[in-house]
Ligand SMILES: Cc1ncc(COP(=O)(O)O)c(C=O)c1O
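Quick setup: one chain, the form predicted alone, written in structure tokens, and binding and motion questions come after.
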Amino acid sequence: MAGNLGAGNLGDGETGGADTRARLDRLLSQIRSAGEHQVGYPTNQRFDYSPLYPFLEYSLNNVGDPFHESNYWENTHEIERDVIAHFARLTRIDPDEAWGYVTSGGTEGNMYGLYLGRELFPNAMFYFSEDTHYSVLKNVRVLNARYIMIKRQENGEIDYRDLREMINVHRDLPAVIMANIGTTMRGAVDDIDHIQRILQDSAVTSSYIHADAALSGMILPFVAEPQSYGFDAGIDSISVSGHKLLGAPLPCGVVLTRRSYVERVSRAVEYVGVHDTTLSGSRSGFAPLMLWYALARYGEDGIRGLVEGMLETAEYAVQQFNARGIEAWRHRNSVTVVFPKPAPEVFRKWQIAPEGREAHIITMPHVTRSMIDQLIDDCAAPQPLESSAGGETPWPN
């Protein structure tokens, strides 16, 4: 029936009918309740973009390259360029040499980095570890690229011995490598310097390194002794999420690379008067505005304070887990706390992320010590026999 969306009828007035309002109210209540127990995924629940609400009255569309003019004037390209310049400084590249754009999130950022690698080296072999974000396997298949999945070490880093062996087998081919700057499950940071040595020792003359720094890309710039993660370490592109540490009501991120690389894939589009250099055509003009506002509101000292608080909460969680006899650990400079997968009731209540027999929580700014204490109490509580008896526990997918 026209105008009928599920149980709510949107066809009886500008603001919708009573059924529509009731359905929205129920959904909002569910989401609010879920937010009170969200510790398993890296999204900061504390943000306020109310000063930007007037911009929602307009169709903000950042179509095309943010560094070129567009025929569509309702855009935030100028703001987007400021965001790119800020992230360029954080990732240690001269803003004059950097090019980038605001993406819909990490999957698009990773796709763009791998796409550039494929365009620069069409016959390359792609390498990534089995702990790489799930989107990467999809990305290389979409790109129709040849790839080898490398083993991971127990701590989540790429297995450098396996990487060396595979590169040696294919040393006659250019190498495109996906490096993890904070793996999804364990927060592990691949050693960029070690990867560079492997390429040199194997006499690989053509290579490209993309860094997936979805969460840690906003942590490592603000710690005293970061692992190598930026362009100064030899990466060629990097993807950082915006909705994770900064927080946002919709997924977004930034991808950065060297301007000279992008010139190889650029083409002019007369219809919108822009250079087509991004993966998507129409892009959100509101996302750059949110990132710009968050960066301006916090300032670097404010973000550093957020990072320090997150790391302190992560260490508190490790200590409290271990004090209750639950083995937990985290990597240096990581807010990802790994521990044994808990019972299904605990898993569901706290929206905990699982893999095999492990689970993790991520101490985002909204995760308090009180929430940690409640979680550990739940994990340590005696579980029903059907949850703890022999056999595999029926974890939800």
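Residues carry their position along the shown sequence, with the first being 1. This structure is a prediction, so every number in the text was calculated from the model and none was measured.
The protein also exists as the form predicted together with the named molecule; that form is not presented, and the subsequent description refers to it.
Think of it this way: in the model of the complex, the named molecule has a heavy atom of just one of Thr76, Ser129, Thr91, Thr184 within 4.5 Å, and the residue is Thr184.
Shown without its partner, this chain lists Ile235, Ile177, Ala214, Val254 as candidates; in the model of the complex, only Ala214 has a non-hydrogen atom within 4.5 angstroms of the named molecule. Figure note: of the listed segments 298-306, 254-262, 224-232, 99-107, the one touching the named molecule in the model of the complex, with heavy atoms no more than 4.5 Å away, is 99-107. By the criterion of a heavy atom within 4.5 Å, Arg81 is excluded from the residues contacting the named molecule in the model of the complex. In the model of the complex, Ser241 approaches the named molecule with a heavy atom inside 4.5 Å. Among heavy atoms of His133, some come within 4.5 Å of the named molecule in the model of the complex.
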